[in-house]
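To begin, one chain is listed below as structure tokens, in the form predicted on its own.
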Amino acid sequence: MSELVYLDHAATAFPKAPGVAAAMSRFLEQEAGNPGRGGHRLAVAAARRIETVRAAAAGLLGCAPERLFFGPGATYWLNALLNGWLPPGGRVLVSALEHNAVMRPLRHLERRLGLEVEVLAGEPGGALDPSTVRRATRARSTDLVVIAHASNVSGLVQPVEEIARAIAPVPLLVDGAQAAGARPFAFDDSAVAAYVTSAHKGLLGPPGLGLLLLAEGRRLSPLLRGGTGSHSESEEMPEAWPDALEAGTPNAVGIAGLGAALEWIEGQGLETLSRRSSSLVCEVRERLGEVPGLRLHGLRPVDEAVAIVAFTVEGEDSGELAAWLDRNWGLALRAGLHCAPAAHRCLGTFPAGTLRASFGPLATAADARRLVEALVARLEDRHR
């Protein structure tokens, strides 16, 4: 079997940033106390590690550390916000490219609370114009707008900063799982009400960890309540942040791993990493665009997309083609609907889905060339 070429970064980063595994191992060996639950050296070391990483993450994402929260994942924070901010009978607007981490809780609230969920079609491919979103919020009373910063299917990046300003005072919740770490973003300058991301994709950290950024003046009722290590005399949740939203023992080893990833990203420079991935996508798009029988989906200029290439091949089942690429060329891509059926309906690729190649900052030009060569070889074999 060929050496693995990993092109499924949009699902999870691999390899993780250099130093992540070592940082997690070091934490378990030297700092693995329960933060806030005691004054001994290990508990203190764990608490310091968490706050150091919180400050680093806040610095990268342009948010005050006291308004950045850790949790079990991006899906957790999306559920917390949707359940906490949407009233019975309320109205929410979403883009046509949302992931099921948004759509499934919304459909549940639609049934349970009588919530009205309106999908904004936007331009072909799902791009949203801020003025279009503004008109939709003004047409009838709107409680919330939810938009994926970048599509996990096509890579399309939405102008969330401009949309947030256009729709004010209606709050904008942004699912940043595909954009954070893939392109620069300054939360406190954006007018976005809440920004959610995972640690294991563009931030190159471990799984099982999500980040929530809340704008100044925004509040959120906790989805979970429990121990925090603070105010233990009370059976009510403390009101002070971050404890109010961080019940239970935190994933401190994951946070330690994220800290190493953030340190590596800072050393490389986020803009440099973003340009590197974009250049690979440009090469792949250009060469695949010349391959007969292969269709690219959701094309946008590279400055309007993250490093994702979605395509189908005429006469090929995407799942079978993905298995062939893995087996014969060592290429790891993802086929199907990518947990985003709404996005595929928008792109016209539902129900079959697409094959998706997504490039991380550690991908190489040789990886891109192998993908193109493999697809060309597959099509040439079919026509012999």
Ligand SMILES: Cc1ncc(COP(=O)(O)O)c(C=O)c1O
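For clarity, every value in this text was computed on a predicted model and none was experimentally measured. Don't overthink the numbering: it's just position in the shown sequence, from 1.
Keep in mind that the form predicted together with this ligand is not shown, yet the notes after this line are about it.
Gly73 is the sole member of Pro105, Gly122, Pro171, Gly73 with a non-hydrogen atom lying within 4.5 angstroms of this ligand in the predicted complex. Of the residues given (His297, His99, Arg134, Arg91), His99 alone sits with a heavy atom within 4.5 Å of this ligand in the predicted complex.
Residues placing heavy atoms within 4.5 Å of this ligand in the predicted complex fall in a single listed stretch, namely 192-200, out of 218-226, 192-200, 271-279, 236-244. The candidate site formed by Leu78, Asn152 and Ala177 is fully in contact with this ligand in the predicted complex, as each residue has a non-hydrogen atom within 4.5 angstroms of it.
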